[in-house]
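Coming up is one lone chain in structure tokens, specifically the form predicted on its own.
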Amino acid sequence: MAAGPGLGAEELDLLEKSLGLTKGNKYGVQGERKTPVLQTNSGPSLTGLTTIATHLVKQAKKEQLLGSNAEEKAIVRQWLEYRVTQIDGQSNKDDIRIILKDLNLYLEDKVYVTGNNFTLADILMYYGLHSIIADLTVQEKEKYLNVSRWFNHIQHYPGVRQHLSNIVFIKNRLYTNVH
């Protein structure tokens, strides 16, 4: 149930495609945690998933994905940090359960991670949670209904899922407790 091992470079390739950038960036990894590194043609290399992802968004001239005002920009940064510090590398079922429970509560009144606007935080949270959500049972998906709703919405957002498997969510219960 671990969040993808060293998925950083693969995620950045997916992000490039979803942003409409022509592939041309070279990604590597460094260290035991396999931190992504982008070697740029015009200067020093960039290190770290969120740093590189932010750079790609700016390169694609889609700054709205970083937030439309100061508060939303801060929330995007907050969730990018959460993704890297809390979700990446998680394999402990109890920790994953806590993450899903907290995220489920947070998403209760939100369409997207930042509220009403689709942002880079949604994309990278989706990529980071994909393997975790894929491992959930139908009952667990129902338990984390807000996460499931959000995740299903993001996986159908144009260009985001690409070659990642489509996660199936049952929308209506086959059995009820009512007799």
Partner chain sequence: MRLFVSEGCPQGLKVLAAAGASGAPVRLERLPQGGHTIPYLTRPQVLALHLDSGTFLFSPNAICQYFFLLSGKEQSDFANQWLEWEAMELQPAVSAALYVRVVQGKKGEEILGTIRKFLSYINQSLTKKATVYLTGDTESVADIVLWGALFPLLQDESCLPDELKALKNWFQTMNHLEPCRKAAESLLTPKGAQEFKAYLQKQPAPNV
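Numbering follows the first chain given and starts at 1. Worth saying up front: this structure is predicted, and the values here are computed from it rather than measured.
Not pictured, yet referred to below: the form predicted in complex with its partner chain.
Undergrad: Does its partner chain come within 4.5 Å of any heavy atom of residue 58 in the predicted bound form?
TA: Yes - in the predicted bound form, heavy atoms of residue 58 and its partner chain come within 4.5 Å of each other.
Undergrad: With the partner left out here, check for me: in the predicted bound form, does some heavy atom of residue 51 sit within 4.5 Å of its partner chain?
TA: Heavy-atom contact with its partner chain at 4.5 Å: present for residue 51.
Undergrad: With the partner left out here, check for me: in the predicted bound form, does some heavy atom of residue 87 sit within 4.5 Å of its partner chain?
TA: Looking in the predicted bound form, residue contacts with its partner chain do not include residue 87, since no heavy atom lies within 4.5 Å.
Undergrad: So, in the predicted bound form, is residue 137 in contact with its partner chain at a 4.5 angstroms heavy atom limit?
TA: No, residue 137 sits far enough from its partner chain in the predicted bound form that none of its heavy atoms falls within 4.5 Å.
Undergrad: Can you tell me which residues in 60-93 come within 4.5 angstroms of its partner chain in the predicted bound form, by heavy atoms?
TA: Read in sequence order, the residues that approach its partner chain (within 4.5 Å, in the predicted bound form) are 70, 71, 73, 74, 75, 77, 78, 79, 81, 82, 84, 85.
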